[in-house]
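Here's a solo chain for you in structure tokens, the form predicted alone.
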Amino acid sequence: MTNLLKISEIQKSFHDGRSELTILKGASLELNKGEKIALVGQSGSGKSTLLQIAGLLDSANAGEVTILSEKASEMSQARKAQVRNLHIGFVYQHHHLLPEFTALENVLMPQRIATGFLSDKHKAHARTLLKQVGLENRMSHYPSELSGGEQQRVAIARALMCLPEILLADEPTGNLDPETSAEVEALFNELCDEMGVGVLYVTHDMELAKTADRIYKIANGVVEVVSEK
């Protein structure tokens, strides 16, 4: 099985004036191709911090993140940005769509940032992604004209624009109703089964977590496997 992401003994502390708050005390987990894993834990336990470190958006005080066999500690800042753009897709609880752009234009944005241009092939790929998430007839709509569930599906399509091997999602169903949450769950399953994407998501939704191949729980700064299929 192809390993996409390995987090090894991550430690992370924050300084607040004279005091130091330790969030992660040796957290470790792995994500393989076509695998869906969930990270659960109480609010403030460090779930989102670990996801940020996994996505090279933050750095650890100690430990190692390895993405597609490449160690983050050996990457320059420019290389980290390149890896984020080309190999990692991000989905957040708050979709962060750009309000002045249509659904199609929002999906195309990562490609525009990564390469500086948009070809007909890129545009066709973006349209295909929106069709895959059930928004074939909403491509020209602006975020304000879409429901919360539709906006989140646009965000997922955007995260897949550059064909990443890894999808990191932070509370992807946190603002969604049960029916729409089920649609997102089905989409994650499709990404894993049909496209081989590895999905790591942070969630408080235990129904969503139960569908994962493996559930990790973070407590007291340490990550442990609590369920595995």
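Remember, predicted model here, so these are calculated numbers, not experimental data. So that there is no doubt, residue numbering starts at 1 and follows the sequence shown.
Note that the form predicted together with a small molecule isn't included here; everything after this is about it.
Contact between Leu208 and the small molecule in the predicted complex is not found at the 4.5 Å heavy atom cutoff.
The small molecule is not drawn, but in the predicted complex it has no heavy atom within 4.5 Å of Ile215. Although the partner is absent here, Ser69 sits far enough away that none of its heavy atoms falls within 4.5 Å of the small molecule in the predicted complex. Among residues of the shown chain, Pro178 is not one whose heavy atoms approach the small molecule to within 4.5 Å in the predicted complex. Glu171 is the sole member of Glu35, Glu171, Glu183, Glu165 with a non-hydrogen atom lying within 4.5 angstroms of the small molecule in the predicted complex. The candidate stretches are 41-49, 187-195, 26-34, 157-165, and the one lying within 4.5 Å of the small molecule in the predicted complex by heavy atoms is 41-49.
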